[in-house]
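Read the single chain below, which is given as structure tokens and is the form predicted alone.
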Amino acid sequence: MSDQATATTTAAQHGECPANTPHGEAWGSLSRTHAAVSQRLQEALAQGDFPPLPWYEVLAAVAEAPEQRMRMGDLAEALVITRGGLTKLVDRLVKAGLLERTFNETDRRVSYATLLPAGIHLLTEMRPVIVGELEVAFSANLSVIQANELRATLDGIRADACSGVV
């Protein structure tokens, strides 16, 4: 039996909350850290009179895609957001003139979020704020090597969670 299964089974046998297991505590710490860093980023953006953090996340994801264009389904998956939630968010970015919605020429059911010049400009202005805040939030506690190791570990956990692997 794996260490994870043993810890969960042991906790359940002793009437403990699964959150009191090492993996449960790691999840709690990760959730609280995500919330705290997200809040820090949001406050820095607001202080600079920028749009909210989710706008940055969408613009950054689309900017990294080939031709600065991304299928809506792929974008929802990349941001781990529902398609409905993404549609509303993209609609706001379209209305603001930062993105446009384009369609596949052969299948109109497939739509794309495409970055516009104003979106590139805004992303260019927002990026230093995000990078600076992340540098402050992480550099005191993680070396570059540790940050790369953490990213790889979290990417593995996310991939397993998205694929349903247990």
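Note that residue numbering follows the sequence shown and begins at 1. Here the structure is a predicted model, which means the values were calculated and not measured.
Only in words, not in the display: the form predicted in complex with the DNA, which the text now covers.
Undergrad: Using a 4.5 angstroms cut-off on non-hydrogen atoms, would residue 95 count as touching the DNA in the model of the complex?
TA: The answer is no: residue 95 has no heavy atom within 4.5 Å of the DNA.
Undergrad: For residue 26, is any heavy atom within 4.5 Å of the DNA in the model of the complex, or not?
TA: Output for residue 26 is no: heavy atoms all beyond 4.5 Å of the DNA.
Undergrad: Even though the DNA is not shown here, does residue 107 get within 4.5 Å of it in the model of the complex, heavy atoms only?
TA: Taking the distances in the model of the complex, the answer for residue 107 is yes, it comes within 4.5 Å of the DNA.
Undergrad: Is residue 91 close to the DNA in the model of the complex, meaning a heavy atom pair under 4.5 Å apart or at it?
TA: So residue 91 counts as contacting the DNA.
Undergrad: For the chain shown here without its partner, which stretch in 130 to 138, 117 to 125, 65 to 73, 26 to 34 has non-hydrogen atoms within 4.5 angstroms of the DNA in the model of the complex?
TA: Comparing against the DNA in the model of the complex, the contact stretch is 65 to 73.
Undergrad: Residue by residue through 68 to 84, which ones have a non-hydrogen atom no more than 4.5 angstroms from the DNA in the model of the complex?
TA: Contacting residues: 71, 72, 73, 81, 82, 83, 84.
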